[in-house]
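The form predicted alone is given below as one chain in structure tokens.
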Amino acid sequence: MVLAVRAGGISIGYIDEEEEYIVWAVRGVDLAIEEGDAFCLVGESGSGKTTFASAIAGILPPHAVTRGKLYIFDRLAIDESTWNFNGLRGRVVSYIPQNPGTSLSPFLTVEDHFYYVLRDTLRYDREKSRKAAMEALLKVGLDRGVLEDYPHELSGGMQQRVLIAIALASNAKIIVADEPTSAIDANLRASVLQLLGRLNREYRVTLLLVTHDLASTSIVCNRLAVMLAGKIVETGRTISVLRNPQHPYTKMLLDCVPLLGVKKPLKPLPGEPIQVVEDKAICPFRERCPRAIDKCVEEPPLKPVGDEENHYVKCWRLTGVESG
């Protein structure tokens, strides 16, 4: 088994210059993603999922503070406060941002975008870049004529496919897709997700999908992790977590999602995500949880869920019964 990503107790925070304290977005995450896996990171806004994804892609801002270790294909990329993404960023790991419209320059054609990326990552000249671009565009269902277009001449879905094609052309082994459907029409979301899933299966590209929508995970990912206040509170095979969610937070995320053909009232998540200044060992959902007990002032360990394979939850209560 080859691990594409391995995080060992990784914590990531941001320094508040005025108040001179650190806000911790990711706290002590241990996670392994196998090569060729399609892995989904789920959580509401402010849960830390985008920060963790940015760390894998090597695009953390300079004022970020890190602890722990992060490996990309056995290469030590983060070692406590030392970062080393030379040769990884753009070449091994490619990042697809939330909003394709703001990620593509309005002054460059699609061909220019390919050229400047491939020139810097693979040292391609213009001719070799154009050939790679045409091949990549065909893989994502776009005609080579798109190369002459400017981003504003393309739909949101086409812009997103261009970004995916650029990632493929760079021969990246890992694609980090951060909310790739958030800025496109609802009727195009499924097609973009299906495209990512097909590329993962056909080309064995390791996929990390970041989303707040649990429903979309079943289209693409075979494994998922649920993040809350910078911690992973439930993880396992996608089908196992969706059919048998154990953490109250996971269940509430599912209650927020409309399901096709299922009539049910949608329930918003209560309260707001906490801002973690001091990394205290308590359950991060305690103040918002309807099932909280006195023991929740202590942080629970990540425990296996019955006989479910590789399904773990960080909660003192399983299936409504206190356990410890």
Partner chain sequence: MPVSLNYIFKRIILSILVVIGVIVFSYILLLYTPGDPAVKWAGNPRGPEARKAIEMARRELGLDQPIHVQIAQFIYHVFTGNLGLSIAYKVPVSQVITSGFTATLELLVFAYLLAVPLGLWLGIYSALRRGSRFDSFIQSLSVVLASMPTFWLGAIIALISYSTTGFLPYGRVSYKLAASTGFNPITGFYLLDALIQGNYAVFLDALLRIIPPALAISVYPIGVVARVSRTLVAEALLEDYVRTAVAWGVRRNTIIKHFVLKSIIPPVIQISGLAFVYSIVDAMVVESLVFGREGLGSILLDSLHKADFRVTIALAIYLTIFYILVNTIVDIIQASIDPRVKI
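Treat the numbers as computed from the prediction; the structure is a model and nothing was measured. Numbering follows the first chain given and starts at 1.
The same protein has a further form, the form predicted together with the partner chain, not shown here; the description that follows concerns it.
> If contact means any heavy atom within 4.5 Å, which of 74 to 82, 224 to 232, 93 to 101, 133 to 141 contacts the partner chain in the predicted complex?
Checking each option against the 4.5 Å cut-off leaves 93 to 101.
> Hey, in the predicted complex, is Gly145 touching the partner chain, heavy atoms inside 4.5 Å?
Flag for Gly145 set to no.
> If you check in the predicted complex, is Tyr203 within 4.5 Å of the partner chain, heavy atoms only?
Because no heavy atom of Tyr203 falls inside 4.5 Å of the partner chain in the predicted complex, the answer is no.
> So in the predicted complex, is the partner chain close enough to Val117 to count as touching (4.5 Å, heavy atoms)?
Val117 belongs to the contact set for the partner chain.
> Does Thr121 reach the partner chain in the predicted complex if we count a contact as any heavy atom within 4.5 Å?
So Thr121 counts as contacting the partner chain.
> State the residue from Ala57, Ala64, Cys289, Ile33 whose non-hydrogen atoms include one within 4.5 Å of the partner chain in the predicted complex.
Residue within 4.5 Å of the partner: Ala57.
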